[in-house]
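Given as structure tokens, the chain that follows is alone and in the form predicted on its own.
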């Protein structure tokens, strides 16, 4: 009769499948981008970070085979295990085998790097999260590009991980996926190899738990401190109550100054007698106050997303935000007739769909397109 023993404790199994589900959800929401995907992506990303933090702690103080030191193999052990797979006779290990252990660390590092670049992109581009106080837009955009590249790389790693599990399961006559469900492995299958003495395999030593614990505490303190600080590069909280809002808001949605560069605002204010086909002339004193307000709040002075996206006016309509190539690209999937719905009214009525439009942020999480009555 074959004897079974419990190898993976419940915490490790819940972590494994929880991380698999959260990463799969992050990849799905990141690639598909359906309505509301951004908020779901943030929640799943936060869950992923929490799971990684748990794994770090459990890797130091958890059960025997869940501790990092139990599967930190040296290059020689990994090479020997790969040679065994090549020859069709890999040694069996009670915990992670050397090649599988290496993949575990690569996957954890990849997911952690994705989480880190996601936080940097969130802070720099959307001005959200604990890093919004220190990360500028250009850094956030670079992090977003790395984040997207890593997403494809992670798909390749996951495919390699699954393939490795299938091959190892076949060669060792052990259903490795099932062992991560019930936590149990066979000690010596009939006709199969005994376990290798994994405690004798060469390993790499980890830094002391005290050092890592101190780092975790410092990181938590720094995160809380950053959350309390104001975000960097933000335009004024609102244009409500300003002379600009009072004068221009009577006829249309008063665009946040950070949408256009200062020179464009100067040109617009200097040609109010022909303002998109209308005479919108103001008293000189009012015009001067509004011009000063718009120039001071223009895209040149702020680090918000819109200030970077719309800093290149359309050649044939330099005063129109909605004529820019970037605006057209971002709104290409919305039919033109949709903008004529009474709940929106016009392409320039940003506030109808963007809850934070008056602040010039235009965060993905604050997009709420009104339902049509038709």
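Since the structure is predicted, the reported quantities are computational estimates derived from the model, not experimental observations. Numbering follows the first chain given and starts at 1.
Below, we turn to the form predicted in complex with a small molecule, even though it does not appear here.
**Student:** Heavy atom within 4.5 Å of the small molecule in the model of the complex: which of 240, 79, 251, 159 fits that? Just give me the one.
**Tutor:** Answer to the contact question: 251.
**Student:** So the small molecule isn't shown here. In the model of the complex, which residue out of 61, 40, 312, 330 has a non-hydrogen atom within 4.5 Å of it?
**Tutor:** Among 61, 40, 312, 330, a heavy atom within 4.5 Å of the small molecule in the model of the complex occurs only for 330.
**Student:** Which single stretch, out of 159 to 167, 113 to 121, 142 to 150, 264 to 272, brings residue heavy atoms within 4.5 Å of the small molecule in the model of the complex?
**Tutor:** Stretch 264 to 272 is the one.
**Student:** In the model of the complex, does residue 71 come within 4.5 Å of the small molecule, counting heavy atoms only?
**Tutor:** Residue 71: no, not in contact with the small molecule in the model of the complex.
**Student:** At 4.5 Å between heavy atoms, is residue 280 in contact with the small molecule in the model of the complex?
**Tutor:** Flag for residue 280 set to yes.
**Student:** At 4.5 Å between heavy atoms, is residue 244 in contact with the small molecule in the model of the complex?
**Tutor:** The answer is yes: residue 244 has a heavy atom within 4.5 Å of the small molecule.
**Student:** Residue-level contact is defined here as any heavy atom of the residue lying within 4.5 Å of the small molecule in the model of the complex; does residue 369 satisfy this criterion?
**Tutor:** Yes, residue 369 sits close enough to the small molecule in the model of the complex that at least one of its heavy atoms falls within 4.5 Å.
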